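Before any questions on binding or motion, here is one chain by itself as structure tokens, the form predicted alone.
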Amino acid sequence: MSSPLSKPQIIAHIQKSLNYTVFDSKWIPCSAKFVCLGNFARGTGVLQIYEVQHGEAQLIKEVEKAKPIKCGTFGASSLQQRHIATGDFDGNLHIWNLEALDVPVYTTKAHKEIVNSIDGVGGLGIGDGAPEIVTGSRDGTVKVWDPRQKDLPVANMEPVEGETKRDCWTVAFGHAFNDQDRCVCAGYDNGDIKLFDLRNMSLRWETNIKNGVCCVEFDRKDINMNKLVATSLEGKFHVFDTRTQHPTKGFASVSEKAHKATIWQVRHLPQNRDIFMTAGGAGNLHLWKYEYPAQRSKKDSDGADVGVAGSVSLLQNATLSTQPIASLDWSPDKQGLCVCSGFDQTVRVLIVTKLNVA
């Protein structure tokens, strides 16, 4: 019989109150530091760097910017430079050198409206091919940028003429397992999920999950597509097995209604792709494990391969706040270390134990 203590535990190690609304928090790779992005009440943007030392989060740098900052990623930067790419409320994409934050090292007017979501690939030794950044915006477009090329996106996925523009809430890279292949997944406010193949510049797959898609993430960016998790309003998430695509049925999936409120975020554990954490609108975190079925695919009546979905089990959950937890990021270097921030204007450093026995 397993005792409660043999399960992973979610421990709030550090809590830090902030004097602004924080939208995103990210670990700086190869360090004990993290970045917080947000906006002051006076309508300006803020970027702060904290260092974890002696059980405290020490503020080591703070800069104020003209526009509120919504999201950030280190995914397209090298481990030597560790530049963060950010999207702001005015539709700008900036790349910042954290050592010299006065002027961005790259800037472009990426969108007409707020950049809701950003992701990077090809940096940090993760994913083959060129470093690229993807941005999704309220203006309905999803754009892919190469930081070595100014002003013009390398790909622009926008609604066709006459089609309603849907608010794009989330974007994620995947399938970057060689120099040519790469996919972008985007989730929209009407429940649409679209998978764009950047190699063929085509829409590879689409579905609708009946509720606004708050977050999408592949379990790994740098492998042949394996799993995709999509979270939505009203507390449901879906896990798609993306290894087998049926010509008409698409990907097999399993869904779970976990939270009583919106699931704002999902993040896979960097050290184990089958464990992921969801962050909810009621201030709670749920830690999940995906179990594969005995056979991941089978033949249908026409002889085509069709995927078989696995199952998800809840390992642990914890309530940290009464407000939504809007961002979550696992440390890439230290298993179980994670940073999250919420609309209670608090950033928290968490330790999740016993992940190796999960």
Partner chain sequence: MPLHVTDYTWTQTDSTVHISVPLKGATAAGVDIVSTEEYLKVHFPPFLFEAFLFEPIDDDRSSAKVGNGVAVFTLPKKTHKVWEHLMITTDDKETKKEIRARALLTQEQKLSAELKQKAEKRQAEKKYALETMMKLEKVERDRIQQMKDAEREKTTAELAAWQLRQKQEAEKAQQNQNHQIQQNPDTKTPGSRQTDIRKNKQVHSDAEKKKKKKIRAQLPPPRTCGNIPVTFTPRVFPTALRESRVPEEEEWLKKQAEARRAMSAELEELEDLTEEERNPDWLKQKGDKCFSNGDYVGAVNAYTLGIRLNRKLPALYSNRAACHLKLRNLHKAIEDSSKALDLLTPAVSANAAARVRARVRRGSAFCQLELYTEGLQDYEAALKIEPHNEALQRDAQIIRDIIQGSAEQNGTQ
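Numbering follows the first chain given and starts at 1. Model, not experiment: these values are computed from the prediction.
In what follows, reference is made to the form predicted in complex with its partner chain, a form of this protein that is not presented.
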*Interface segment, criterion being heavy atoms within 4.5 Å of its partner chain in the predicted complex, picked from 273 to 281, 92 to 100, 237 to 245, 203 to 211*: 203 to 211
*asked:* Going by heavy atom distances of 4.5 angstroms or less, which of F74, F218, W264, F196 would be at the interface with its partner chain in the predicted complex?
replied: F196
*Interface residue in the predicted complex among V52, A309, L328, I49, criterion: non-hydrogen atom within 4.5 angstroms of its partner chain*: V52
*Mark D119 yes when one of its heavy atoms lies within 4.5 Å of a heavy atom of its partner chain in the predicted complex, and no otherwise.*
no
_Check D333 for me: does it contact its partner chain in the predicted complex (non-hydrogen atoms, 4.5 angstroms)?_
yes
*Partner contact for S31 in the predicted complex: its partner chain, 4.5 angstroms, heavy atom*: yes
_Is H13 near its partner chain? Define near as a heavy atom within 4.5 Å, in the predicted complex._
yes
_If you apply a 4.5 angstroms heavy atom cut-off, which residues in 91 to 118 are near its partner chain in the predicted complex?_
none
